[in-house]
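The data below hold one chain only, encoded as structure tokens and taken in the form predicted alone.
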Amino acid sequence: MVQSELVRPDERVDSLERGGLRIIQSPRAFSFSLDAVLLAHYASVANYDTVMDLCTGSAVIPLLLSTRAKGLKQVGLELNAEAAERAERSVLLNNLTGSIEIIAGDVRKVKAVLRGRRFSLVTVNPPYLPLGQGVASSCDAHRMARHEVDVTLSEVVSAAAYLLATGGRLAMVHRAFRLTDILVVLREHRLEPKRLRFVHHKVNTEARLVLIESVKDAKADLKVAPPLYVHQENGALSLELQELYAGGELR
């Protein structure tokens, strides 16, 4: 199927700068951000992993993960039917239908939607803000992506815990100010934090994001990596981000 048949007149095709991958995006919808890109390169992924990306949105995380290991079987779950359909077309655009499946469904109903399926890795870039915090967008798609309108942190982690077998990993990116909430809810669901890295805009600024990976039914042994800085003092991308966009990986 040619590109013109997959892309609507009001959509655009952006390059992901990895493996020739492209992604279809709409000005009406929430576009992926650096947060998702960082998560896709932070998650521990191995050849032939089975991967579930919750709240997949545009499916940017499954698309990027496809460049990091071979033989992956991935599923992206997205509540918004329009976003899910667009993500499916991005998968078609990149000839990845044999390895990435997009499902329109509710994270809170994974037991029904996925019928007992299990995964070795779950990734999620969830809505960050509880209702009542921050300014809610008037756009439904943006509001769903940023605020816990349709799914809460606890519900996301509960879904991940159900989907993971013992030893499976949950990799998440979230706002740093919610770290206490994250750690508490992870342990409540037998997901032991094992790796953590704070993301800062630049040196001498507060952490904005946290990247965290947990393992189901593991022993306590959390390793905190050095901070990740997005920009240098002069505003240019940090050397680590430059290396990432040139084909490198995150620690």
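The first residue of the shown sequence is 1; numbering continues from there. Only a predicted model underlies this, so the values are computations on that prediction, with no experimental measurement involved.
Although it is not shown, the form predicted in complex with another copy of the chain is what the next lines describe.
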item: Candidate stretches 180-188, 32-40, 52-60, 66-74, one within 4.5 Å of another copy of the chain in the predicted complex by heavy atom; value: 180-188
item: Interface membership of H201, another copy of the chain in the predicted complex, 4.5 Å heavy atom rule; value: no
item: 4.5 angstroms heavy atom contact with another copy of the chain in the predicted complex for A225; value: yes
item: Another copy of the chain contact at D221 in the predicted complex, heavy atom, 4.5 Å; value: yes
item: Contact label in the predicted complex: T205 to another copy of the chain, heavy atom within 4.5 Å; value: yes
item: Residue (of A176, L96, V113, A104) lying close to another copy of the chain in the predicted complex, criterion heavy atoms within 4.5 Å; value: A176
